[in-house]
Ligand SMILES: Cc1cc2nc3c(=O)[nH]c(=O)nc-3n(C[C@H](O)[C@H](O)[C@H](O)COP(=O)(O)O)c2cc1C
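What follows is a single chain, given as structure tokens, in the form predicted on its own.
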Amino acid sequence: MSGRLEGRLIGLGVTGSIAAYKAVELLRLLTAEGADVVVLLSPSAARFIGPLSFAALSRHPVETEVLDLLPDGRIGHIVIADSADALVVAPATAHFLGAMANGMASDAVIATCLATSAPVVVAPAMDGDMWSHPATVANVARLREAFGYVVVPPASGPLASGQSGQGRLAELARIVDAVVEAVAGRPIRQPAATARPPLADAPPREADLAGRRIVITAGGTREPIDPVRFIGNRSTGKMGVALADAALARGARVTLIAAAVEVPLPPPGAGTEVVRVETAAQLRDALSTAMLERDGRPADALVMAAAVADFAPSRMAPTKLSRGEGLTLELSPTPDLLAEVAARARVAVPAAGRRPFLVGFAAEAGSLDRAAGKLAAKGLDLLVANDVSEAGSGFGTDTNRVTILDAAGGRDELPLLTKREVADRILDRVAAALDERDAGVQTGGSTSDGRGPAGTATPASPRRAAR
């Protein structure tokens, strides 16, 4: 049975009261009513209860700073203000009431309330004398009368100070009822997931890529026409960077070769090497270097998420072309870099049969019929195909719907997932295949190209597949 808040996005603001711990249960109750809840913490609230519990239960990153940006560069509290069906501040301290009544955006909770046109429900909690102070009374009256906020008065009873009086956070069921009433009869403001705050990254995986070196490419190449102009594509690099972040979280050493990207890259450091490129030719050189043996062994896997331009100008003009001259371009096909890597892997199998595991991507439009042919023609282990014309699955989105094809003829059609979740599904397959590869080497069951006894892709190990 659907809850009373089914499909609603509710922003839960938590301020620095001892009652902040009750906000975790309030989050659970709102979720039980069907709400999608995103949490904002004031700095003082974070001293009472950290963001981890809220993030785990809400599945959203917790907003703690006014200047925090989402992974896609949007301002977090503004996205919440623009997409939430209602905001509820519980517990709300006397400081919040005073700052809010006077429009002082001193933290993420107040800034979001100032920026939204959605209904706001406020549930104060404080000492009894603070609640009855004329300043607090005036601030509450202003929030109700001038701002139209719904104020759920505190209850009476024992207080944290040891005294007794009116100041206890209202019963959570009353607060939930107030939120339900505030949104009743209103349409859902932003039903599209892309307009809402993104879901948090997938839960941590085991370090099943520890000791592995994974080469990942991201972004789109740019092929110069002249010193100013170029031919490129719509890739933003989100999928490749999600793969790099996921591989690092699973213990891999990552070489990320990044072309033009529109998202932050993992910081270089322990386990991370970032190589910047622009053209397909530069990417080809970087791949040749990255796939070579290091510390006595080659890369364990290549995940080619970069969108390489299919064509490049046959000649680059040495100076900027004039607009008035008109322009006719002669284009030449760029090399198939992944097919080249696969061919080298087949011809020059690394020592001990540890052939790199190769994953390619295919961005199709309208149909995935060509994907299986590309997998075979390029000599890959996996091909990740998606239809970029499908909503939520194209360039620049935070989500993707992909089909994973393998060399043994398998086809795994995944639902619409965040790109981080897609990354982990791909890396599940990579980790399992590398385990099988190394087990085959130890038992002598691997063929000269590093695949299984019949030359087909090795199956996923039961231990990995059961995760």
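The first residue of the sequence shown is number 1, and the count goes up from there. Just so it is clear, the structure is predicted and the values come from calculations on it, not from any experiment.
Form predicted together with this ligand: not shown, discussed below.
In the model of the complex, this ligand sits beyond 4.5 Å of every heavy atom of residue 30. Shown alone here, residue 196 lies farther than 4.5 Å from this ligand in the model of the complex, counting heavy atoms only. Interface residue remark: residue 81 is not counted as part of the site for this ligand in the model of the complex, having no heavy atom within 4.5 Å. Using a 4.5 angstroms limit between non-hydrogen atoms, residue 225 is distant from this ligand in the model of the complex. This chain appears without its partner; in the model of the complex, the one residue of 235, 112, 93, 255 with a heavy atom within 4.5 Å of this ligand is 93. Proximity to this ligand in the model of the complex, taken as a non-hydrogen atom within 4.5 angstroms, holds for one residue of 214, 121, 126, 242, which is 126.
Only one listed stretch (36-44, 420-428, 62-70, 405-413) carries heavy atoms within 4.5 Å of this ligand in the model of the complex, and that stretch is 36-44.
Taking the partner from elsewhere, no residue among 264, 274 and 398 has a non-hydrogen atom within 4.5 angstroms of this ligand in the model of the complex. Residues 15, 16, 17, 18 are the ones in 6-25 with at least one heavy atom within 4.5 Å of this ligand in the model of the complex, listed in sequence order. Put simply, residue 417 and residue 13 come closer in the model of the complex: their C-alpha atoms are 3 Å or more nearer than in the form shown.
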